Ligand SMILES: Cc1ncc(COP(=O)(O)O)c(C=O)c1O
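Here's a solo chain for you in structure tokens, the form predicted alone.
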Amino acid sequence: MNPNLDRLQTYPFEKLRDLYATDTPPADLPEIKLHIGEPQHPTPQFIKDALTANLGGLANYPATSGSDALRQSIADWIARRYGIPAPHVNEGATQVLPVTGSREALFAIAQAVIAPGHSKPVVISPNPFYQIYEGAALLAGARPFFLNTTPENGFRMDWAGVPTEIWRDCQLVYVCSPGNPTGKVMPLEEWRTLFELSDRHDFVIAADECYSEIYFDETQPPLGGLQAARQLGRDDYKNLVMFSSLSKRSNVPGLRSGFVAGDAAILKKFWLYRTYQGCAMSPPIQAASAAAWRDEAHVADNRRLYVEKFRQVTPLIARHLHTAQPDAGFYLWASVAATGLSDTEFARELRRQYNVTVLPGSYLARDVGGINPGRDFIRIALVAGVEECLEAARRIDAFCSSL
């Protein structure tokens, strides 16, 4: 077996299951799940219709590069969303590839990028972080290097805090904007610095943007990596690959549909890797995905639900826990320090007494520089319906009031 498998840590939701194992929540309170970023809004009917109308495609092997229609729908969406020219989608020099969900692709990019002959390859990641980044680095034979994102640094990655020897060995940098779990959006100047560092040290940037379509001001959508590159004159997207998904945008996490876009030279090699990896998207899912990328009305309706949830829920939570509406995304990143409970104690007691599940922040981070930047925080995913999220907030309010 691959010895690097022994370096993997228990996944956060497995840790949470163990945390809850010995407790029984009150039977008279229905469970409200706010621990996992799984959208619970209904899937739009037109996406279901497109899926079922194309079931005949099950008789064919899908192409790794996806259909022309799907690649074009993605390129057109990028152009509309970010106000930039549509990426090239021609075979052989494409700047767009469909993937079976951003999670799979975020893992696979490390396997394709990391050079095995390098003595000490490094992958840089935010801390806290989406656990796939660490697992991808370890199984590619690389060493993760974590940058703490804390309230003190505005939840930003401090590029100046990376030692010279780390940059020398760095082959891949993961960034997440809007961030998971903080909701922080990277500003243009931070992108400028990262691009300059990539030019100097020749590493690939993997920009995880799966939360990009959940924001609160229709006139100010979050800045994206491709958009930032264009604004800074990097029209070839050198060393940049962005990852996006329909899961959050269109409430179809089970569709497992997303895309990567950016540097055509990198995507050409990534496409070659994927022809062997075998993760081509099913033709019916391609058809449903193309329909979803072409429609924006359902996405705006989806955002309005999140706006309403944050409007009603945030004040109730902020009465007791230090938190505020994020830049974007659907998480509240809330400090429980004032309650006198640790993040794990808070999560366990909240479920035991009120049957609401949240995720301890320490499960999403690693100890670096003497601290775990997730400790004493909880991640609250406002993914349920408006009334259910409001009921959960009332229970959290009652729980905190009882402490």
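Start at 1 with the first residue shown and count on from there. These numbers were taken from a predicted model, which means no experiment stands behind them.
The next section is about a form of this same protein that is not shown, the form predicted together with this ligand.
Although this ligand is omitted here, in the model of the complex none of 182, 216 and 327 has a heavy atom within 4.5 Å of it. Residue in contact with this ligand in the model of the complex (any heavy atom within 4.5 Å), chosen from 234, 274, 256, 309: 256.
Taking a 4.5 Å heavy atom cutoff to this ligand in the model of the complex, the contact residue among 333, 293, 174, 211 is 211. Not displayed here, this ligand is kept clear of residue 144 by more than 4.5 Å at the level of heavy atoms in the model of the complex.
Interface membership of residue 106, defined by any non-hydrogen atom within 4.5 Å of this ligand in the model of the complex, is confirmed. Proximity of residue 102 to this ligand in the model of the complex: non-hydrogen atoms within 4.5 Å are present. Taking the partner from the other structure, this ligand in the model of the complex has no heavy atom within 4.5 Å of any heavy atom of residue 149.
Partner proximity in the model of the complex, defined as non-hydrogen atoms within 4.5 angstroms of this ligand, places exactly one of 186-194, 239-247, 152-160, 70-78 at the interface: 239-247. Residues are counted as partner-facing when one of their heavy atoms sits within 4.5 Å of this ligand in the model of the complex; in 129-152 these are 130, 133, in sequence order.
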